[in-house]
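Given as C-alpha cells, the chain that follows is alone and in the form predicted alone.
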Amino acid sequence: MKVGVVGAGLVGATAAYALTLRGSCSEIILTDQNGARARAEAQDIAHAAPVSHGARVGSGPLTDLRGSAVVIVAAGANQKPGESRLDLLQKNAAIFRELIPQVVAAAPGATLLIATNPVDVLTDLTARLAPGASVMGSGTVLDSARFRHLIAGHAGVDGTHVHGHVLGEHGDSEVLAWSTASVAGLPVADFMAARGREWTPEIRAQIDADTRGAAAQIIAGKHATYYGIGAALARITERVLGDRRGILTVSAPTPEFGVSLSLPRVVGRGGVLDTIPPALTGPERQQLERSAAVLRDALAALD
C-alpha cells in the first residue's frame, strides 16, 4: 500500500495530500529534483496524517520509490496562461525521456499513473520508454467530473448521481459524450422534465463551453489547477490499490486509434484491465476520430 509521487509541485503535493486525507494508502513517498521542496511538502502533509488516517509520509530520492504499487508522475513544466497542453509537449517529453527509465528501475512492478500534461501524448511516450510496464494517464477523469458537476448544478442534485463521459484528448479536442449522460438513470433531458427544471440547447451549450474552458478559467484566476486533479489522481490510485474495478475515463494506449486517449476503462490491480467502447452517436464518433487525429499528429512530432 505504498504510493510514490514524482514531482512535488502543486499537482503532486495535492495528490499526496488527497491520498493522506482519504486514507488511500499506508505510505507515501514524494520525490523531486528540488529535494528541499519535496521534504517541505512531505513534512507539511505528514502533519495532517494524525488527524486523518495516519499514513506515513516522507520524501527521498527516486530510489526510495522501491516497493511502490503505484507511482504518480507529476513532474514537468507547468501550463502557463494562454498556453495549450500540447504547447508543453517538447519540454516535458525531454524530461520524461530522462526520468521514466529511472522510475522504472526504482519501482519495476509499479503501475505508472501519468499526470503531467499533455497527458495523453506523455502516456504514450511513457509506454514506449517502459515497455511491459503498466501505464495509464489521468486522462479525462477530471474533465468528466467537471461535466458531471455542471449537469448536477442544473439538476439540483448531488453530483455523484450524475454520470457521463468526456472522451478523447484531455484538452481542446475532447468529446463531451452527451449520449452517455444520465441523472439517476434517466437521460438528462428526461430528468430535467421530471423535476420541472429548465433545460434548453443554450444551457447544454454553456455546460459544454464551461467544461472545456474550466482549466483556462482557473489558470487565468490563480495560475494553476490542482485540487480537482489531485482528488482525481487519488481516486484512480485507490482503484488500483484496492482492485476496485472502477470505470474511469483514464488514458491508455488504444490500438484502434493509434494513440493514447481516454475511453471508459475498468481500472483495478495492475492498472487498466479492460476498455468499454461506448455506444456513441454518429457525430460523437466523428468528434472522437478528430480528437485522436490531433493526438496522433502531436505524437508524430516526437518521432
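Each residue number is its position in the shown sequence, starting from 1. Not measured: the values here are computed from a predicted model.
Same protein, other form: the form predicted together with a further copy of the same chain, not shown, and the subject of what follows.
Participant: Please determine, with the chain shown alone, which of 114-122, 161-169, 101-109, 87-95 has non-hydrogen atoms within 4.5 Å of a further copy of the same chain in the predicted complex.
Facilitator: Of the options, only 161-169 has residues within 4.5 Å of the partner.
Participant: Check for me whether a further copy of the same chain, as it appears in the predicted complex, comes within 4.5 angstroms of all of 154, 212 and 254 - heavy atoms only.
Facilitator: Checking in the predicted complex: none of 154, 212 and 254 is within 4.5 Å of a further copy of the same chain.
Participant: Report the residue, out of 258, 270, 61, 277, that has at least one non-hydrogen atom within 4.5 angstroms of a further copy of the same chain in the predicted complex.
Facilitator: So the residue touching a further copy of the same chain in the predicted complex, by this definition, is 277.
Participant: Does a further copy of the same chain come within 4.5 Å of any heavy atom of residue 189 in the predicted complex?
Facilitator: Residue 189: no, not in contact with a further copy of the same chain in the predicted complex.
Participant: Decide whether residue 22 counts as a contact residue for a further copy of the same chain in the predicted complex under a heavy atom distance cut-off of 4.5 Å.
Facilitator: Output for residue 22 is yes: heavy atoms within 4.5 Å of a further copy of the same chain.
Participant: Taking a further copy of the same chain as it sits in the predicted complex, is residue 43 near enough to touch it, meaning that at least one heavy atom pair lies within 4.5 angstroms?
Facilitator: Heavy-atom contact with a further copy of the same chain at 4.5 Å: present for residue 43.
Participant: Taking heavy atoms only, is residue 226 within 4.5 angstroms of a further copy of the same chain in the predicted complex?
Facilitator: Yes, residue 226 sits close enough to a further copy of the same chain in the predicted complex that at least one of its heavy atoms falls within 4.5 Å.
Participant: If you look in the predicted complex, which residues in 25-63 sit within 4.5 Å of a further copy of the same chain (heavy atoms)?
Facilitator: 26, 36, 37, 40, 41, 43, 44, 45, 46, 47, 48, 49, 50, 51, 53, 54, 56 sit within 4.5 Å of the partner.
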